Ligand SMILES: Cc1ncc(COP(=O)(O)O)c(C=O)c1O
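A lone chain, given as structure tokens: the form predicted on its own.
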Amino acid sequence: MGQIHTLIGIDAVVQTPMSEHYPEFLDESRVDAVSGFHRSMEGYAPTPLVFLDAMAQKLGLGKILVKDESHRFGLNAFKALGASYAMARFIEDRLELTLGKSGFRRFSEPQIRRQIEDITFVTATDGNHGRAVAWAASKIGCRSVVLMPKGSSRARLAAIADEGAQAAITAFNYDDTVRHAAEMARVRGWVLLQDTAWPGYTRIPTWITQGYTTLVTEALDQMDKAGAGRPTHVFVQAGVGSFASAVVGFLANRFKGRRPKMVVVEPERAACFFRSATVGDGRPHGVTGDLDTIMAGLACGEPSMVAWEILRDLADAFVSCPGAVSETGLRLLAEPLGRDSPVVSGESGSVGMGLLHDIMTRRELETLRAALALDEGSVVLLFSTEGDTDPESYQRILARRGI
């Protein structure tokens, strides 16, 4: 177990990671193939990397860069990268196909579409992943069923249904909704396309994790072209952990002994990775209850088994945050300083910005700032993983001033 920082509203575990662990399924050769697949998709374009120079100067940092995923495939979030790649790999295996250089375009071939039109993918979601599954199934030519936990946003439900899925809100929390989706897949012969892993269910979550690496390779390419060098710090948010492990695992492979410090950020009421790191026995530990947080996309109580093994060994810190931190980040990104460009970031996308701001400005967080070695030489990479996926909530938060 690492050093625990108990702070006002924010808790952190800072540890010394195992630098010799490099996940093979996230090495550069595999990631290059994933990027090639996404480039074959109609409508693909790298999402913007936004430089917040004025904010960096104010906070006493070298650079702040934000990868803005609100522009991904018109879906207002990054999740299509994982869903599309995993779905394609599943079909490739089932039909014994080789997608090759044609990539996604092979699914437009009539003989393939006839073979896959009766496949139904089912998933549980807080919103973005489910919409991505529905979208990818529609594009490929399959069917989809999407289940959401109790308390889910009606706007997110409607967005999923608009992509062609059979969608419903359940009476369960997120983790129990995952179990319900898995049971429906077993009983009805559907295919569970879930972004979390457990014993006996790892192949599809691994493909989803690989799919997310495309946005990381884009960000590094954009930094290189802009002469920004490499990141010294990366803040990445975690729900079940598939996205966080994609970022952390790939960067560990890419930079080996000179990799950036990697900070995993969670909502305080769904901080399963923070809890697992705090227990310190090397095993994943869940949290229970309603997982109530404005960061709906991160409201997950049980870590993905695959993700935990990567983050346990490679993350430098795990941080648990209240919703107010996310609200701060949302407003900072929406109304930036000087000539900085605005970023429309939803509650799950903005928490990294809010945490970075608090670490650099709050006196009671000085020990955490020092432990992470954040200073005027730091180049910090953040991921705004969603836009205003719940427009009413976004506007309510934006209206509350007084950071």
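Just so it is clear, the model here is predicted, and its values are computed rather than measured. Numbering starts at 1 and runs along the sequence shown.
Omitted from view is the form predicted together with the ligand, to which the following refers.
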item	value
4.5 Å heavy atom contact, Gly329 and the ligand in the predicted bound form	no
Lys79 within 4.5 Å of the ligand in the predicted bound form, heavy atoms	yes
Contact flag, Asp316 vs the ligand in the predicted bound form, heavy atom cut 4.5 Å	no
Residue contact check: Phe243 to the ligand in the predicted bound form, 4.5 Å heavy atom	yes
Interface stretch in the predicted bound form with the ligand - options 251 to 259, 176 to 184, 232 to 240, 93 to 101, non-hydrogen atom within 4.5 Å	232 to 240
In the predicted bound form, the one of Leu298, Cys321, Cys272, Val247 near the ligand [non-hydrogen atom within 4.5 angstroms]	Leu298
Interface residue in the predicted bound form among Asn128, Thr213, Thr123, Ser84, criterion: non-hydrogen atom within 4.5 angstroms of the ligand	Asn128
Interface residues of 368 to 392 toward the ligand, as seen in the predicted bound form [heavy atoms, 4.5 Å]	Thr385, Glu386
